[in-house]
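Before any questions on binding or motion, here is one chain by itself as structure tokens, the form predicted alone.
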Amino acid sequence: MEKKALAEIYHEETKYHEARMGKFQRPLDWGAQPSPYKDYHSEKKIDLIPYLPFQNNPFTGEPLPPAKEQGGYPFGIGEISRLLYFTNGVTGILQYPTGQTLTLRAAPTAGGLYPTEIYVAVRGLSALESGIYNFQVKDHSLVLVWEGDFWGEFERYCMRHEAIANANLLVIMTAVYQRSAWRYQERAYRRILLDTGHILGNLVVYAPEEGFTPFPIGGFLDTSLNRLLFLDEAEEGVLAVVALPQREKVNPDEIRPTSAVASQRMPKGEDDLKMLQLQLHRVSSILPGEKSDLSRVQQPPDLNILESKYHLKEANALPDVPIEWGESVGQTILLRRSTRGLSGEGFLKEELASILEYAYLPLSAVPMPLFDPSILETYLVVQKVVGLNEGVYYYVPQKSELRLLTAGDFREQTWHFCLGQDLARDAAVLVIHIAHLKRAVEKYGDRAYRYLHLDAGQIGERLNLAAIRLGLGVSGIGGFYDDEVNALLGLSLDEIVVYITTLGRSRSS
């Protein structure tokens, strides 16, 4: 019998099945819920709020003086402050009658748990001493973790990625596992990766407004980076590094088209089946001394794989209707909220075309912010779109084309496999990300699981922003009966469901 990769075992063990939901359901111990913030106590704390472009303090509502001057060479604290705020800063505070508050951030997160931490590394800035900082989202500040220039370490641990040498700023995203595992147990790793992908999505679309070109890096030596950040690997680990060279300092043609690198470790025994999500993260890590095959990253992913599928099916070309973003995508990030209820009304084919075009823009962008779009496929369940028949479609992003697979009204099925959530039944469209996991693992080892979910999260966040900009409702769904989704789409169980995004008209609009 062929031995399965740990990514395949993990995914199979964390599937939701209606008959086995008791395995995942248990009373939540609210007293044991982990804090969504990481505390660092330091005298070297940099307040970033004075650099925000707002009239009022986003935490207190009190008037702010005019934003501080930019200043600094080659850029100042202002650019860093805005970049972090629009990536995953606090964009709203809900006050409950009990006196409790809930902070809302720029990127969506499953269950309001916010498992992703952000660290910042800088060098050669006149306005900020070189070092590694933690972003304290709860008061929008930076705390110095380690003083010094660590660029040599970052370049070495990130496999000499060319963008790092050209950058003075790095953003490092880590996962604090228990924040999500407290609620979602073993399935939490899926949510953590998607949530981190949402944050990546914000960073990638906003960074150019501050003059940076973002290069997400997925291939790195995990343990080395974790130690550089003083992380307890049983509790927290690096998921992504983003190099942010200034636009004028980098030639994208001189940088590798993808940073996705394969892991090569294999489970050693039965112990690897305990605490599956942590084991999967460890097995998918790249350690010093491993011979990682970098030849694959010299060529861009082969997108013909996506175009060749279902090529004999009826094709529906989508119109080219770019979204007008106004002065800044940041304004839409501020407005972004996950929709709680959809009305069941439809929207136009042109609106769907605009949303999909923006969500998949990286396929034609240089650099390509996705790790490998060729291993992630997209299906749509169209439930009410003016100009399209109801049914299941396959989406070919590089051709802006929908291929009809099965016509019909599938609202009852989508409602059921999304755990009875009315969002699915009342959506105009469900966007479903799928991957053939075995093929992905053949290419990248168990690390493929990270790339798939991080990329789906990035695309999901752009779906969010595009829908909000058009005045539509949108919400991601990470909980579903996996095999029932496959059945509706007509897929074998070798293909896994990665993420679902619902689009429609908000019930309140």
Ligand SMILES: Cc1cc2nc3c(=O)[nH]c(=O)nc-3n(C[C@H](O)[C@H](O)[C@H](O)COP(=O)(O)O)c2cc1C
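For clarity, every value in this text was computed on a predicted model and none was experimentally measured. So that there is no doubt, residue numbering starts at 1 and follows the sequence shown.
Although it is not shown, the form predicted in complex with the ligand is what the next lines describe.
Candidate stretches 47-55, 25-33, 439-447, 474-482, one within 4.5 Å of the ligand in the model of the complex by heavy atom: Correct option: 474-482.
Answer option from Gln383, Gln277, Ser259, Thr109, heavy atom within 4.5 Å of the ligand in the model of the complex: Looking at Gln383, Gln277, Ser259, Thr109 one by one, just Thr109 meets the 4.5 Å heavy-atom criterion.
Only one of Gln421, Gln178, Gln136, Ser224 gets a heavy atom within 4.5 Å of the ligand in the model of the complex. Which one? Contact with the ligand in the model of the complex is made by Gln421 alone.
Check for me: heavy atom within 4.5 Å of the ligand in the model of the complex, for each of Ala240, Arg282 and Leu454, yes or no. Heavy-atom distance to the ligand in the model of the complex: none of the three under 4.5 Å.
Is there a heavy atom of Leu356 no more than 4.5 Å from a heavy atom of the ligand in the model of the complex? Contact check for Leu356: no, nothing within 4.5 Å of the ligand in the model of the complex.
Contact between Leu194 and the ligand in the model of the complex at 4.5 Å, heavy atoms? Heavy-atom contact with the ligand at 4.5 Å: present for Leu194.
The ligand contact at His416 in the model of the complex, heavy atom, 4.5 Å: The answer is no: His416 has no heavy atom within 4.5 Å of the ligand.
May I ask you to state whether His140 is within 4.5 Å of the ligand in the model of the complex, using heavy atom distances? His140 lies outside the contact set for the ligand.
Check each residue of 316-346 against the ligand in the model of the complex and list those with a heavy atom within 4.5 Å, in sequence order. The stretch touches the partner through Arg336, Arg337, Ser338, Arg340.
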